[in-house]
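First, one chain by itself in structure tokens, the form predicted on its own.
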Amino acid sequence: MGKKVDDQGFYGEFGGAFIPEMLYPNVRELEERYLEIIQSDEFQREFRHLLRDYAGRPTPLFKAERLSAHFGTRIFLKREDLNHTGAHKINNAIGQILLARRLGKKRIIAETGAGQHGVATATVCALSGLHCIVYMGALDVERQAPNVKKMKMLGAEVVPVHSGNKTLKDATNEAIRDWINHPVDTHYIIGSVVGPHPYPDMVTRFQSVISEEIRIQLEEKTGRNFPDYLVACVGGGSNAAGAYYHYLEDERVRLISVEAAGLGVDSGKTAATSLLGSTGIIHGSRTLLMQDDDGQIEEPYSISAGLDYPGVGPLHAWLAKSGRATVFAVTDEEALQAALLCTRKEGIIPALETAHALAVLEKITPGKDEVVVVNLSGRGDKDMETYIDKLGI
């Protein structure tokens, strides 16, 4: 098999659609129609128009001269933080709202952790005049308050979830329950490359505009269209999937996936799924999952709400297991220091999620003429309170 999804929604042994019977009609409708809809000329015209004139694409590929000098290599930052709403999430939200409209759905639900996907979904619902309900763990509602206010201003209903450890996994559980109860009129905009097939593939396709642009921009800046290292943070993994997509079968490119080690991989307070996880099923797909010997999900931890997930997208599970991607785990403290370094060297305050990707620059040793692209997946506005508190600024 190639490195893309097969007809059953599998990447090697990972993926598929393991769902309760009551969800079959919803998922089957998507599975049967998503490719036909999103590959149509009319859809692509509207999608590209909104990416350009509404989201602000293409995002720049910025040569980070001072970071490059610091690390002794050539570092480029793919500036997804400059998208409308401040992260890569808007790419997928635009794609899915256009799909939902073509499926005749009137009600949109979503889950969110860091709040960026919630804001992106609320944004496209406002743009389209559709009712929007966002499920968010109660803990994340507290630590991502600015994004909650944005969602409400955009007209979304934000539902705090008090079960489990009140984070992304629990929000996803509630969103799935809602979808089961509203199968006909509701579309569930999943924010990452997780969930039952076709979501991982569909979200990857919408995010693949990132690697499509990287190829063109690198060619202009370096004379070749591929980097030696391509670095992205991975929670569920949509920003990484989009950045990797056009390079999946290009063995010249070393894919570097960066997960949240939290307080340390062996601390019990971590979200290093690919390093610690074993094969299991979560939210409708078979993937690598942090679980105990009885198959009970172990609660993840990260300072970053967007990386605080006990599973990983099936594409990333396959890339890690097959060795196509090299996985690193970065601690809270390493991420905080990397955020500060990026801010002081380049005048760019990254999201905490992105800071984990930046921190891996301390752990890899590219040559001085090699090219490293880091996907700068989001901006740090939402994390300012954490930065001020933890860095003592």
Partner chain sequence: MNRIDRLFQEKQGEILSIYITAGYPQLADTVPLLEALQKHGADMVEIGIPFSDPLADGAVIQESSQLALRNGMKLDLLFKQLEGIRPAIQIPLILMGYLNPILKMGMERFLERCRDAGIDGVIVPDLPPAEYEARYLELFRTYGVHNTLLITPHTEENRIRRIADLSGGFLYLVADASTTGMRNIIGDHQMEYFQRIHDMGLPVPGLIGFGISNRPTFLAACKYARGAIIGSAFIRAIGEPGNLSLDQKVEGFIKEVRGV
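Everything numeric in this text was worked out from a predicted model, so none of it was measured. Positions refer to the first chain, counted from 1.
As for the form predicted in complex with its partner chain, it is not shown, yet the points below apply to it.
Handout entry: Listed range touching its partner chain, judged in the predicted complex by heavy atoms within 4.5 Å, from 165-173, 315-323, 202-210, 260-268
Key = Single hit among the candidates: 165-173.
Handout entry: The unique member of Gly155, Pro146, Pro183, Gly72 whose heavy atoms fall within 4.5 Å of its partner chain in the predicted complex
Key = Here the answer is residue option Pro183.
Problem - The unique member of Ile297, Leu103, Ile216, Leu127 whose heavy atoms fall within 4.5 Å of its partner chain in the predicted complex - result: When its partner chain is considered in the predicted complex, the option within 4.5 Å is Ile297.
Practice task
Could you confirm whether Met384 comes within 4.5 Å of its partner chain in the predicted complex, counting heavy atoms only?
Solution key: It does not: once its partner chain is placed as it appears in the predicted complex, Met384 has no heavy atom within 4.5 Å of it.
Practice task
Mark Leu289 yes when one of its heavy atoms lies within 4.5 Å of a heavy atom of its partner chain in the predicted complex, and no otherwise.
Solution key: Looking in the predicted complex, residue contacts with its partner chain include Leu289, since a heavy atom lies within 4.5 Å.
Practice task
Check whether Asn225 has any heavy atom within 4.5 Å of a heavy atom of its partner chain in the predicted complex, and answer yes or no.
Solution key: Taking the distances in the predicted complex, the answer for Asn225 is no, it never comes within 4.5 Å of its partner chain.
Practice task
Find out whether any non-hydrogen atom of Ile281 is located within 4.5 angstroms of its partner chain in the predicted complex, and reply yes or no.
Solution key: Result yes; Ile281 sits at the interface with its partner chain in the predicted complex.
Handout entry: in the predicted complex: members of 25-61 within 4.5 Å of its partner chain, any heavy atom
Key = If the 4.5 Å heavy-atom criterion is applied to its partner chain in the predicted complex, 25-61 yields only Pro25.
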